[in-house]
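The chain below stands alone and is given in structure tokens; this is the form predicted on its own.
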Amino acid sequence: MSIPGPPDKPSRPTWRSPSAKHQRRIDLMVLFGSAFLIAAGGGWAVLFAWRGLWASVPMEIWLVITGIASIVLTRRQKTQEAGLLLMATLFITLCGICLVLDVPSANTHRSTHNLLPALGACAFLLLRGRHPVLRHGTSVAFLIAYVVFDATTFGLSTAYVWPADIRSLNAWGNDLFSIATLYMALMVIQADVTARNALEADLRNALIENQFVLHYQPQVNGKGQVIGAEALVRWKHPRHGMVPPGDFIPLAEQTGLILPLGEWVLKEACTQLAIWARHPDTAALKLAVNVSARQFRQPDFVALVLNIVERCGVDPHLLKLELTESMLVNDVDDIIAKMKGLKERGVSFSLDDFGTGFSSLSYLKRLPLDQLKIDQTFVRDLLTNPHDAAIASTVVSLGQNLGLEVIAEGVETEGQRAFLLSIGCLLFQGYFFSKPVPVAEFDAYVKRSHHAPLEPAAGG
């Protein structure tokens, strides 16, 4: 059984993230390209059939089929797959045309390759978020092919070379499509830059006008008693409502605004700890605060944290700083030195997203950690995926052997909680207990947890 059920899912926000707007533009770009491919392929197929150039007809039909398949994939929200299909088909087709059909002669230049640079730019936009090798490699392949075909007359002299009038018509079509495609790519880029600049300006203004708030997600033990919380920043935008952190934290990192924002979060969290210290129900609660790599790299980070703790008058043993594995890629010695400086004063540390980053076991031995966090990506499917279950069990065993607490985040069902208890994980965080909530709701939840604690799971 559990404390009165998990909160309802949040209502649909009014905020529409820049990434969602970008994806909408990319969807439209793929649909436009697919529609053009269908129209162009169908038109050329009819023209080639009318002129008796039957060898070129199957190629155009293939383009029509590709365009239809891309539209279907896009409508099924598989835009990147649709884009890859379009790019691969066009690259192979255009290179084949340049080699076999559109071979330059003394009187007629090649024009098909003029499409390649614009398509390379589109590929760069379509593959955003994919592996850098795939994204950059695809774009570079288009550009290299363009240079090769533009700087040489290389081609195969066969009976399939298009006649001069067809090639002249093809040149007009290629140039128009190339210009339209490049213009479309530039419009997407401009829209992205405009949206980013607007969001950055709003973010700077939000810091000045104090538009940020902290929400608190309970962390509970095996009996359902709240032993702490994680402080999570939210942006209460005056026009768009509540903006999720995933839409502004990355930008704050890139622009350096994460430093004043992180300092504000730390001050607000310590202020809340001081308030909780006055009430018996909350006096012993620990509060976890996420710290970014950029914050930790500040030379005076240790002094900054200790100064905030001292000014707020809180017990440093109740403050827990959460680090991510990705922070450990660089400057590990500096990170360890700062952790030790804070730990000597009572501040504790948790390694967040454990198992998803780049840290090695040798780092765990050196880091003055107090807690490991099992990432929600392993918790989500641990009842159905034996690999996730094995990883969770390994993390628990590792934590026990190293003398560290282990907490699982992303717990959403009683089954997940029971399994985690059975393997020795005694601390939990997730929607099964509560979503991140404002402080008033959190305080009410703490009071309820004292009166209606969870029973241990069977075998826990």
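All residue numbers refer to positions in the sequence shown, first residue = 1. Keep in mind that this is a model prediction, so the values were computed, not measured.
If you look for the form predicted together with a small molecule, you will not find it shown, but the lines that follow are about it.
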Task: Among 30-38, 424-432, 62-70, 49-57, the region lying within 4.5 Å of the small molecule in the predicted bound form by heavy atom distance - done: 424-432
TODO: Could you spot which one of Gly96, Pro245, Gly341, Gly346 gets a heavy atom to within 4.5 Å of the small molecule in the predicted bound form?
DONE: Pro245
- [ ] Let me know the one among Thr181, Asn114, Gln272, Gln295 whose heavy atoms come within 4.5 Å of the small molecule in the predicted bound form, would you?
- [x] Gln295
Open item on the list: the small molecule is absent from this chain, but in the predicted bound form, do Val291, Glu322 and Gly410 each have a non-hydrogen atom within 4.5 Å of it?
Closed with: yes
Open item on the list: If we define contact as a non-hydrogen atom of the residue within 4.5 angstroms of the partner, is His237 a contact of the small molecule in the predicted bound form?
Closed with: no
TODO: Would you check, heavy atoms only and a 4.5 Å threshold, whether Gln217 touches the small molecule in the predicted bound form?
DONE: yes
Task: Non-hydrogen atom contact Asp102 with the small molecule in the predicted bound form at 4.5 angstroms - done: no
Open item on the list: So, Gln376 and the small molecule: in the predicted bound form, are they within 4.5 Å at any heavy atom pair?
Closed with: yes
